Every structure is written in structure tokens, then in C-alpha cells.
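Have a look below at one chain only, the form predicted on its own, in C-alpha cells format.
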């Protein structure tokens, strides 16, 4: 039955794309069909050996009615790994992932407005996020879905203002959008409740803020170009994006309140592109740092450098630092038996990208390495374009770590390889 379904999809949608072409009744219609299979390379008694097995059909429709632009982008999925064949997206299980559904308008020359579901992002980091506190999909990132799926959609109002002194972006989310965080249904992880790795038999059940206009978020960016350098300042008020707090009475994780502010700069220097970013996370429910079940405030810093070192060969390097505030209070109040975090966590990243065969062949290697945690995460990808519409991919997600409880070390048994076939229309 499953093989017949795969064959049906691949025969049906090329015919649909030919029928609709790229424009139909004034609408622009694009999309793709993508089939992926991923397998663990290490045995994990908490999870299935197969980590990825899906068909994804995306349709992206854009149109314009007078001065209003509208867009709908949705993924229709068949998931062969989840027990009920549906993805766990945002608290519900559904075969449809609505990526975007919004309208854009410019009521005045100095303002743009986008309302609805949309993908939001800002900041200067490469797969490291400081001031970008829009939702991420870490499950997709770790199992072999395309890198774009790390960005999860927001249900928001996004306003861009263009006064003379700078550009201002304001993102208001009337109801909190958390990360699509690791819960255990597909990826095993270090569970502080059980103090060991757990998986699909002990799925994390967090308390999520879900009241409209009460559990809301607001993010602001003010940016401008200063003598060729892109400078920005940021602010955010909402919640930690992952359930890092723990309610002792309910014995469930929850999302504590968070305030953050920071700045970034990016420009050309030493024959390449330099970027630096800073942020301070203020944990509003534990500003003194003496509650071990709520994360302490933190300072985060990033510096990076990118350069083309040969024709079609680009390298990018980053250094990232987290510093926990009030560390002595955290250590004093931590209950016996709990693994303590380090005051300083730092890591290095490297991205190497090479294009070959008239740029039809892409080779990419991205690595995270943390000397403080003594763990690493290695992402590799080989992508070849058979035609302008069809491409094949093979990749891997390899985790290594000395301890089970560090950020990358906890995912060691989820190391995987995957293959993919994509048809664009």
C-alpha cells in the first residue's frame, strides 16, 4: 500500500504542474514534491530505527488584488515514521503544515504591513540565533529535512516603518508561538525529569501559554547602514522558546517569561564578510538566579567571518559564547543529584560549501564543536541537479559527545543518514 501511494504521488503531480504551469487565472503557482528516507546509524532502544520517511507536496500560491498581495503556502505530508502517519506540529497532529497564509499591503509610502502566518527571521548568525527569537523547528533540522524547515512559521502582524533616520521592524504575535522542540516522539533526548535519555514512550508534555493577547510576544528591530556596515539593535518580550522551566507542583515543564535585547553589525573586512552579534536574556521569573527550575539570565555573543577561498568554494567560521548570570546562586540552590550546567558554554562552527560541474553539484559541510561541553554536531549534504526541476540528495546528521546530558551529546543515538528526491514545478 505504501509503495503504491509513493508511485501515485510521483505520477500525479508532474501532470498537475504541467496543467497549471506557473500562472493560472492571474495566480502564480509554484511548489515541489519531495520524498525522503532516513535511518539511524546507532541503535536506540527508545526510538524506531527509521528516523525519517515521508512524502511532502508543497503548493505556493501568490496573487494580487489591487494593492493587496496575498500568499498561501502549504505542505501536504505523508509520514511513515509517526505511529498515526501524521506530524506533530504545534500541539496538534495533522497531515498539513501551513507554512504561510498572509496578506501584504502598503497603506502609506512609509509603512509596509504583513498580516497572518509567515516565516520571520533576522540577525547575523549562521544556524546560531541570538536576537532571532522567532520559532524554530529543531526536529526537522536534526532528522534530515531541508535546512529551510529549521524556520517555523509565526502567526503575527509584521510592520515595517521607513523614517529618515533608520528602518524599524515590529513583529507582534498575539498568541505565543513556541519552537517545534524535541519531545521524544521521534528523537530521543536527555530528560531532566527522569535524569536519563528518553524517547517515544516518555514524550515530553509541557505547559504551553495559549491565551490570545495575554500570552503574546513582541519583537522590534531598528537598523540602518552606517558607512557600509549594517548595524541593528533588537528587543523582545515573550517567553523562552523551549520549555526550560519546570513546575514542581504539576511536575511538568513550562515556558518562563523572557525579556531580551541586543545588537549586531555586519560588513566587509579583510577580503570577506565579518559579523558580530550580542544579546542579553533576562529571565523575568528568576531575575535573582536562585530558582534552579527556571533558567538564569544569560549573556550571548557571536562573531563570524565568511570568505570565498577559491572559485565556487566558500568558508564561514563562527565563535559563540553563552555566559550564565548569578552562577553561584544557581549552584547553591541546585538540588542534589541534578547535573549542573557550566557557567560558560562556547562553541565553534565551520561551514564549507563547494559547487562543481557547472554548479549542478553542491557539497556542503557544517560542523558545531563545543570544547566546553565536549560534544559536536556534523551536518553533511551532497546535492545534484539532474535537471532544472529534479534533484537528488544524500546527507547525514552525526552527533558525538562525552556525556549524555550536553546539548549535542544527548542526541548521539539519533545520528542518521538520509536520501531525498525532489521535483520542482
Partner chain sequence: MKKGLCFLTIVFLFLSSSFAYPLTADEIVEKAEEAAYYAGKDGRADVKMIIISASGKKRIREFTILRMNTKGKDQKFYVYFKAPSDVRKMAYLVWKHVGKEDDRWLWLPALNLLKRIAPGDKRTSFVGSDFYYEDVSGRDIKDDKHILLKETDKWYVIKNVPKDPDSVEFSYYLVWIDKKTFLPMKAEYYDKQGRLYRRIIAKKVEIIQGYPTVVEAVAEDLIRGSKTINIFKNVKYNIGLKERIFSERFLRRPPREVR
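As the structure is a computational prediction, the values presented were derived from the model and not from experiment. Positions refer to the first chain, counted from 1.
The same protein also has a form predicted in complex with its partner chain, omitted here; what follows describes it.
Engineer: Heavy atom to heavy atom, is residue 73 within 4.5 Å of its partner chain in the model of the complex?
Structural biologist: So residue 73 counts as contacting its partner chain.
Engineer: Please check if residue 267 has a heavy atom lying within 4.5 Å of any heavy atom of its partner chain in the model of the complex.
Structural biologist: Answer yes; at least one heavy atom of residue 267 falls within 4.5 Å of its partner chain in the model of the complex.
Engineer: When the contact criterion is heavy atoms within 4.5 Å, does residue 221 count as touching its partner chain in the model of the complex?
Structural biologist: Result yes; residue 221 sits at the interface with its partner chain in the model of the complex.
Engineer: Residue-level question: is residue 104 within 4.5 Å of its partner chain in the model of the complex, judged on heavy atoms?
Structural biologist: Judged by the heavy-atom cut-off of 4.5 Å, residue 104 is in contact with its partner chain in the model of the complex.
Engineer: Among the candidate residues 307, 175, 354, 329, which is the single one with a non-hydrogen atom no more than 4.5 Å from its partner chain in the model of the complex?
Structural biologist: After the contact test, the surviving option is 307.
Engineer: In the model of the complex, which of 335-343, 242-250, 156-164, 284-292 comes within 4.5 Å of its partner chain (heavy atoms)?
Structural biologist: Among the listed stretches, the partner-contacting one is 156-164.
Engineer: For the stretch 347-365, which residues lie within 4.5 Å of its partner chain in the model of the complex by non-hydrogen atom distance?
Structural biologist: Residues within 4.5 Å: 358, 359, 360.
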